[in-house]
Structures are given as structure tokens and as C-alpha cells.
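In C-alpha cells, one chain follows: the form predicted on its own.
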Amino acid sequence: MRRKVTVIGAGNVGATTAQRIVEKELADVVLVDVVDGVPQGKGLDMYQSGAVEGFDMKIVGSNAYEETEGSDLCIMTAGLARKPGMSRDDLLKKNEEIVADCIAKVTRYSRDLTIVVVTNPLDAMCEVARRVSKLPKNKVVGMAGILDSARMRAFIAMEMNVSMANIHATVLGGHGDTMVPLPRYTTVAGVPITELLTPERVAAIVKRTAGGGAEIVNFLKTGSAYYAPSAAAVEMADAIFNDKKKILPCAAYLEGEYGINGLYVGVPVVLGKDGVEKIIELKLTPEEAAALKKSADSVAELCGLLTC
């Protein structure tokens, strides 16, 4: 049985996500965007690349949502991108409007689907999607920790000159400046980095991880990251479609876990065919728990400004 994904937003993140999905033959894709001709042109271009790349998944572009009917998964990427000097929080109001409108439209045609949110500020936009879609909490999940931990893994690989395949990183909290990288739970071939690097180098990696998105924005000046975010979203799609039960750091709706209630916060989860199937609770030190609470408080402050 062929699966179907709606990717909302045909910008850099959305288009790259769509391309990765069809090249991995995970699903057929409907690429939706408000700009006339852009999703249609990019979709046709990607479909033609299948003759060279050897995939047979279908991809079409549209400005409307009728073609999305019967989608199994929606990946929400549309929204304003950050500019230099702009925080994710600055995006809140405008992107709330965009996410609420898009999610209302896609769920009009597909009720039995899972939503993966990529739009920033991510944790708050997950809450918008949950409220508007009225889907169960496990069916709305945010792409956050996979990207943040990927950045941390990359920085460790740069520092130690080792394969990223040997590195596992753990990052909790909101997807922003208050994220909580956990060096104790970050390992190279099973050995914590706290035993392999000096405290100063660990602290530098933690700091660079928290500012990883801003670093790329400052380089690009007129855009933001899209290769790593799209890869992270597609890893989630793969885990869901193939029921892999992967333990991945994602933005999940917490109801008491980690002492947090009624918020989307980045935590390790088991991701499978039913979306977030289990939340993994790590034992935290008092300092780590305090940092996570601070991050959750920042998410709560944003969610308090939502109007949907």
C-alpha cells in the first residue's frame, strides 16, 4: 500500500524534505505552497529526477489542499524564516497565523494522519497544530531534538576527528537558546564525552550547539538552515511509516513527565506507527533539571501569547 505525505511549504526546508522522501521511496508527496507555480514547478522537476535517481514515487505541487486528501503524514514547514538578529520568538505571531491556517486546511481532507512540525518557534507551533487539528497528543510531534543533537554530533566529530556514526548526543528542552544539551548522556562509541574532552571543550560544544541555528543564519544572511532540518524530519517520517520504534529526541506533549505539564518540550521518545508511543524519562542532576525547567518556562511564556 502506497503512503502519502503532504509537505506544507515549498521553500528550502519543504522542497528538500519532499526530495528526500521520494528519493528514499518512503511515500508519494503533495507539495503545497501559497505561491502560484512554485510547488508545481519544483514538484515536476523532482519527479523528472526520478528517471535518473531511479525512484517511482509520485510528487505533485499544488496551491490548494484537495490533492492532499488521504494523507498519512503532514510535515509542516511553511512560515517566515529567521533573519540575522531575529530570535525564534520574534516569529511567533505571524507563524501562528500561518500554521493555524495550514493545519485547519490539511486536516479538513485528512483526519487519520500524523503531523510533524518544523516551523519555528517550534515548540509553540506544535501546540498550535495540536489545538487546531484536535488530534491526540501522540499524533502531533515536533522536529527539534533530532536537529539539535545532529548539530552536537557534528561539532563533536569536528573536535575529535571521529566518525559521526560513533557519536550519540542527547539534547532536551525547547528548540531555541534555552535548549539543554546533556554531555553526560552524549557518547562516542559508548564513552561519555565528559571522559574524552576537557570541561572547557565540552562547554564550548554545548554553547555552539545552542547557537547552531543562529550560526548558519549569520552565514547565509538571507535564509536559514534546511539540509539538516529536512534530514531530521525525514528520519521521523521513516520511523513512523516503518514502525521502527526508534528512540529519538522530539518535541512531545508532556503531562507530568519531567515535572512538566501541558507543554511541548524536547525529550527522548519512542517513535513508531502511532506517532509518539512512549516518553523516555532520563535521570537528571539538579542542575540539569533546573536548566530543563528554565527551558520549559520559556516555552510556556510563548504559549501564553498564542491566540488560537
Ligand code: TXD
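A quick note: this is a predicted structure, and the numbers were derived from the prediction, not measured. Residue positions are given as counts along the sequence shown, with the first one as 1.
There is also a form predicted together with the named molecule; it is not shown, and the following applies to it.
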In the model of the complex, which of 223-231, 199-207, 158-166, 185-193 comes within 4.5 Å of the named molecule (heavy atoms)?
-> 223-231
With the partner left out here, if you bring back the named molecule in the model of the complex, are Val106, Ser110 and Ala237 all within 4.5 Å of it by some heavy atom?
-> no
Does the named molecule come within 4.5 Å of any heavy atom of Ala124 in the model of the complex?
-> no
4.5 Å heavy atom contact, Leu135 to the named molecule in the model of the complex = no
Although the named molecule is absent from this view, report whether Val270 comes within 4.5 Å of it in the model of the complex, heavy atoms only.
-> no
So, in the model of the complex, is Ala10 in contact with the named molecule at a 4.5 angstroms heavy atom limit?
-> yes
Tell me, out of Met152, Leu172, Ile115, Val118, which residue has a non-hydrogen atom within 4.5 angstroms of the named molecule in the model of the complex.
-> Val118
Any residue of 135-153 with a heavy atom within 4.5 Å of the named molecule in the model of the complex counts; write them all down in order.
-> Met143, Ala144, Leu147
